[in-house]
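Okay, here we've got a single chain as structure tokens, the form predicted on its own, with questions on binding and movement later.
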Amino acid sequence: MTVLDSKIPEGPLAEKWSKHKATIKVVSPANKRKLDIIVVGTGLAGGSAAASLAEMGYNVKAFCYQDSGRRAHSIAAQGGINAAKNYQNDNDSIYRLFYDTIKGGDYRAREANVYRLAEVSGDIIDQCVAQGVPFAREYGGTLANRSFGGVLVSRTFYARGQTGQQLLLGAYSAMNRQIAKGTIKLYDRHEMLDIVKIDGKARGIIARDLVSGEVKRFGAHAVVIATGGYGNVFFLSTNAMGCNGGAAWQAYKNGAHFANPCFVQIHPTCIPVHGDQQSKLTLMSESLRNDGRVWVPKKKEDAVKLQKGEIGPNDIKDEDRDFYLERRYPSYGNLVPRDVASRAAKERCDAGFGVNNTGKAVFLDFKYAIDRLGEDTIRNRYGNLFQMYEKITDVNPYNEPMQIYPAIHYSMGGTWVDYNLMTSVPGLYAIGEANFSDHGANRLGASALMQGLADGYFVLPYTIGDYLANEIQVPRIDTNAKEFVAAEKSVSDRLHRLYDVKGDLSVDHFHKELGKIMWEYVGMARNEEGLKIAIKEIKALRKEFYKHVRIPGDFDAMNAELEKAGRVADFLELGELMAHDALDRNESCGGHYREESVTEEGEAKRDDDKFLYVSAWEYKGEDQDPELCKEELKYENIKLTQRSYK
């Protein structure tokens, strides 16, 4: 079993990062010009990292499978980005942001990493303002803040409902500046399919040109994975259809540990599923829970009438409405964390109080905010979100409540990294949602953008130098080396194995079947029997996939079905690992809800005596079960308590 070294610095929590930066190695400007870095992914984490590293003088090769870095899924983050600025004078601080994030993650994240995240959060806002990101401002010109779930202060900076897009444009412009200077070479429409190691170190990647179909080799002194999460293993999720876990999965199969794969987030404010042919779900920003009130009918007969279409929501009187989050969690109300709100919605719908024709929806109502603040104020705050909802559902949310229901959203699990963001493979780094490090078992809202930009702008540019300082004597990587030849052949063989099946069922058929298994047994609630069924059924589905998948089109050309087939092949393996991890962790924490471990009030019940560790899985071969390695979590600055938002 591999021994994992997290490389967490010694010393007081508030001094760890500053002392670490002062003691790690650095690379001189002249030597940076000798070093190549590959960055896979150009979203917030990858784009900010590529721009920062190139600005420092490294030679960067950036890869994205889209036709432009502007299409990264980071644009879909609507509501905001957290930072401990205390602009509202409501007693916010670095420590409070740190504590809220640890508590929100149900005490399953590293103290040192989370404190560093809180510590650099303010710098992110300053950086983005300098780039021209149009954050919302108060009447006097100061930056505005709003509240998000799981906290009692206002620390979320936002740009209407387009925060992710505006932040990405800032990183994208910084990256484009370096492309124009020649320090970044951008490879768009290229998908990374393997990592190349030489003498145990990451020295490059194999990528497929998605336009020509050509498989290519690229060398570098270090490789950075910044490709987001793996929520699409469930098929229906809030992720863009192209989002995939392929890069992280190939890192895993090349020796990088995969940490906490069962920790996936269910987001409570998604537009409900509306049909069997739906390919993805749409997220309504958590910011809407600031002014919207969540409710279902108190009377089951009213719920039945709603489900049959006999009455509308406005026909139900206020006294007959159950504002169940406000009832169950009076301190936080509608702003409880995502996992808590999601389970509460599921409980009400399972009890028969759902409000749409499937019984799988609750109301998010702005009537009360409009009465209090006026429609113009609500339009200014949420207008584009309301417009999006109306275009999708043909319901005007100014006149009638939105319908929402939980859906798969973010993945807290990911590639295991140490304090320097390096994986267990030397020279291979993972940043942003692609790693596991900062969110524990549940991510608080508005923290994804914070982590992606923290890693890219303010952490990796420092820590990668500690490794590269020992690589300056290494010449440019020769892609004709036998390791590159072997890796390219392995990728081509893998693609041919899929293409040559010539079966009778589409790639989407298998993806949908996998999604049904995952949602049923590895979704919002999990139990031992169901997880064992999931493992068995996924194994069987994978065998069927390699017997019956059909990939039309040419092999050596643009072929979207071949792209999808490779990603679904990875999902079929990743889904099984998620079920293994969920089966091993016989406790409930955050988004991981085991029905065998529940408090008397129906909340998640942790078992700190047995499961106070990071589950880091090591690949052992295609036909062998993975090996579990444990990184023990130590809490020296906070007290472990049963999480409560009442």
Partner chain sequence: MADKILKELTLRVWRQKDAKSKGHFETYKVHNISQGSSFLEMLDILNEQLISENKEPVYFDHDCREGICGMCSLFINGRAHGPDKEVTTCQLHMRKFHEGETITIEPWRTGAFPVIKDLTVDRDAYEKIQQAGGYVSVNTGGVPDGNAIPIGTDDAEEAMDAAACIGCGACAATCKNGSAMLFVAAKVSQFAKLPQGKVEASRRAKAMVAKMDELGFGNCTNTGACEAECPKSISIQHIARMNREYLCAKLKD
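Computed from a predicted model, the values in this text were never measured in an experiment. Positions refer to the first chain, counted from 1.
The discussion below concerns the form predicted together with its partner chain, not included here.
This chain is displayed without its partner chain, yet in the predicted complex the stretch 390-398 from 432-440, 412-420, 92-100, 390-398 comes within 4.5 Å of it by heavy atoms. Shown alone here, Asn480 lies farther than 4.5 Å from its partner chain in the predicted complex, counting heavy atoms only.
In the predicted complex, at least one heavy atom of Ser68 sits within 4.5 Å of its partner chain. Using a 4.5 angstroms threshold between heavy atoms, Tyr172 counts as touching its partner chain in the predicted complex. At the 4.5 Å threshold, heavy atoms of Met558 reach its partner chain in the predicted complex. This chain lacks the partner; the member of Phe366, Phe458, Tyr324, Tyr405 within 4.5 angstroms of its partner chain in the predicted complex by a non-hydrogen atom is Phe458. Checking Val215, Leu143, Ile472, Ala525 against its partner chain in the predicted complex, a heavy atom within 4.5 Å turns up for just one residue: Leu143. In sequence order, Arg550, Pro552, Gly553, Asp554, Met558, Asn559, Ala560, Glu561, Glu563 are the residues of 549-563 having a heavy atom within 4.5 Å of its partner chain in the predicted complex; the partner itself is omitted from this view.
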